[in-house]
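Only one chain is included here, represented as structure tokens and corresponding to the form predicted on its own.
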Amino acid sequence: MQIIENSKVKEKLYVEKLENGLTVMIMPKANIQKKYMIWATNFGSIDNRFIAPNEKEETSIPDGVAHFLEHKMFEQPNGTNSLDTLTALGVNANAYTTTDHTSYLFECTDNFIPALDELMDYVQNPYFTDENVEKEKGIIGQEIKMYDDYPQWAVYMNAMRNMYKNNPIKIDIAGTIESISKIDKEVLYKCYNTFYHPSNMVMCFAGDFEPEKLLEEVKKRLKSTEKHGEIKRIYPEEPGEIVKKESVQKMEVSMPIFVIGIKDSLDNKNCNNDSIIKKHIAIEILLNMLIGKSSKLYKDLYESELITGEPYLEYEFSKQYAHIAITGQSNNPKQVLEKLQEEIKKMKSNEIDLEHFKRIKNMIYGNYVKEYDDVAEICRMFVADYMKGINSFGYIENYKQVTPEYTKQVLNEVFNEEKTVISIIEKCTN
């Protein structure tokens, strides 16, 4: 097994790529009671057009298939549900779908091997029938309606639609009532056989494990030993410019909520991993300097009651998209945007405040280090970064490379008023 060591956080990652293409990552955490594992496939909501291995024709699937498939994976031919089986073992099990991957996971203190048995069994043995697929449409349809009525999700999705013209990130992960009506068992089996091959998957463990022994346990339970051909994913061309500056929707909220989005023109496919990580760190620093809790702007906005609390700051990216999202509550979201844009202009025309820069940079570094205290955080982080082609240790390693000069360069390149949008959910008026 390859051992990747990081002396700064005093952790070792054991990595093995098996003959069938499965990547296994293990981070031993001696004397920690909790054990955590994720088995993830590189298949998310944006993967709706592809050419399957050994095929020539393109397959186009309805929106929401990755999420639908995640729901159906737990069902067994004998009528049991693997989620219930895992819960009965005293294991906390779950699954989730993102834009670029689907994950199956559990956390436990006891019964790790029986839980591994169950998870590896159901992920490798799908069971879809006309009846159980139809039944699931009603369940997921209710989930879609619930999210349609959820202001925090609506404000985010509206921001995506303001920024992206063609990229499927603007489509809800669960799809729509109409799109899931077109899903049948043949579509699910086609996507399972294409994307759930071990060569398109990664397994990550964190806890008190002996890596070599654990790897043998994984190998014993793997069904597929053959390699898989290449999956050709097809994504639409996305223009650099935004779709529209602003959207306003009325919903049942106590106070207006907003997402300020800044579309990034970065083509992550043409950047090396270190440069992507450096950019991400610089953007985190800039967002905190501009409108984070220790910033002058945040203090002014809070004291003038323009915002009610610290906004949520995020740089979201994959190999197919990249954007900033600033989420918060305000009685006047447009004024918050104006004040933020003034602050960006001011920062662009002045030197970076070195004292503030160092303070924020150290805080962010401290947050990175803290993530290694939590086995769940470790697995989620390493899986999400793996799907981006990144090793999570890179954030610790590249931290010192992010200079004030480089950060200023990122500020000038990314924080572009022409690529800035705002999505607002206002209170319904009676």
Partner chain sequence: MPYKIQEVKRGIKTHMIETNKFKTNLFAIFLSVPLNRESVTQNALIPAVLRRGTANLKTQEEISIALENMYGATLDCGVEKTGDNQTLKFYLETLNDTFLPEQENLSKKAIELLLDVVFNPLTENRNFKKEYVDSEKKTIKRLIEGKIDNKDMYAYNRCIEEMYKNKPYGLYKYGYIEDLDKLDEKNLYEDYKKLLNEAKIDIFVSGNFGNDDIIDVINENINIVNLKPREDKHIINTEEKEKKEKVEVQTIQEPKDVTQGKLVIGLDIDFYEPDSKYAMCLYNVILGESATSKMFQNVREKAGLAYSARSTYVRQKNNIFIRAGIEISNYEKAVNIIKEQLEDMKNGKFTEEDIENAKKYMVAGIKTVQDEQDSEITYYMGQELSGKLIYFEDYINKINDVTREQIDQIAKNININTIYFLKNNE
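What you are looking at is a predicted structure, and each value in this text was computed from that prediction instead of being measured. Residue numbers count along the first chain shown, from 1.
What comes next is about the form predicted together with its partner chain, which does not appear here.
Partner contacts here mean any heavy atom within 4.5 Å of its partner chain in the predicted bound form, and among 248-256, 191-199, 168-176, 274-282 they occur only in 248-256. Judged against its partner chain in the predicted bound form with a 4.5 angstroms heavy atom cut-off, the residues Glu143, Gln329 and Val369 are in contact without exception. Using a 4.5 angstroms limit between non-hydrogen atoms, Ile360 touches its partner chain in the predicted bound form. Mapping the unseen interface onto this chain, Tyr298 counts among the residues with a heavy atom inside 4.5 Å of its partner chain in the predicted bound form. Proximity of Lys348 to its partner chain in the predicted bound form: non-hydrogen atoms within 4.5 Å are absent; the residue sits far from the partner. In the predicted bound form, its partner chain sits within 4.5 Å of a heavy atom of Cys428.
The contact residue chosen from Ala88, Leu354, Ile113, Ile234 relative to its partner chain in the predicted bound form is Ala88, the criterion being a non-hydrogen atom within 4.5 angstroms.
This chain is drawn without its partner chain; in the predicted bound form, the residue among Asp184, Asp148, Asp121, Glu217 with a heavy atom within 4.5 Å of it is Asp148. If you take 381-419 and check each residue for a heavy atom within 4.5 Å of its partner chain in the predicted bound form, you get just Tyr399.
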